[in-house]
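First, one chain by itself in structure tokens, the form predicted alone.
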């Protein structure tokens, strides 16, 4: 009888410990899949990570569903790309969540401004609507540079260390291990991906990637950001591609359509759907994105 009582007491104690641990887990929300993968890689079992956008979804246009606001309601940390990328959908979700701890400038919010040493693609001169859908603060697709992915991991590790000091050493060690993996892979990625240069890109989503790996982008399918190309622009682009021996047109999965496929056909080039995120868990998911990019996408 005493044995059964002791066993029951042990079981109850175990359940209470596990419940307390689960209740104490941090809650992290990332706006985009790649950011969420890095966050999961750092946090591991000590946090629940939710991602608002899906792989293959245009990060500029995510439907602000009430379910997404519920994810944000109890979040300890919100990770976003920033620089206006989610401006059309993330602020309304934060407002709906009524969670003041994840608003900009709070301890529970971070984006590319907390990560980058240098912002690329910041427009010069007077900014008007005639320039298209530009981002006045700079190009927001910074996670497409693996070095910036490392910096994000390091920033997340420090932020989590403040929220959860007990596991600070673990967070920092995971970020450090991730940095070593990226450092080892960059030379191979660079060698593989440089075979696509020179190239044409649909949108300037790959600026950080092409600069990191020293690729030459001669032009864009969009004459201006967010502006559909005219027939005359496409005709001129075909001639320019042939003159420069361009073999590849890079496009995001959400820009893949009959018009750009026709451009590739006329220019005798291959259309390559180059992802800004792929399915996968933690650091492995983020690293696999660059493996797929180096392999030429789809």
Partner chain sequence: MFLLTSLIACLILALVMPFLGRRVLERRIVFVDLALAQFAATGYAIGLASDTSGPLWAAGITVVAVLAFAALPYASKLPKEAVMGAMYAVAAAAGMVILTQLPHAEGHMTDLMFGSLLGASYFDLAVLAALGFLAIIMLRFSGNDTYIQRVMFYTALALAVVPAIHAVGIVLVFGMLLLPALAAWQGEKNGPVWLALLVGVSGAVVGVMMAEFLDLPPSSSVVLALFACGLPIFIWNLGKRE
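Residue numbers count along the first chain shown, from 1. Worth saying up front: this structure is predicted, and the values here are computed from it rather than measured.
Quick note: we don't show the form predicted in complex with its partner chain, though the next part is all about it.
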Quiz item: Quick one: in the model of the complex, does every one of 230, 234 and 266 get a heavy atom within 4.5 Å of its partner chain?
Solution: yes
Quiz item: Heavy atom to heavy atom, is residue 257 within 4.5 Å of its partner chain in the model of the complex?
Solution: yes
Quiz item: Looking in the model of the complex, any heavy atom of residue 242 within 4.5 Å of its partner chain?
Solution: no
Practice problem: Consider residue 70 of the chain shown here, and say whether it contacts its partner chain in the model of the complex, taking contact as heavy atoms within 4.5 Å. | Solution: no
Quiz item: Within a 4.5 Å heavy atom cut-off, is residue 25 in contact with its partner chain in the model of the complex?
Solution: no
Self-check item: One stretch from 192-200, 97-105, 79-87, 222-230 that, in the model of the complex, holds residues within 4.5 Å of its partner chain by heavy atom
Solution: 222-230
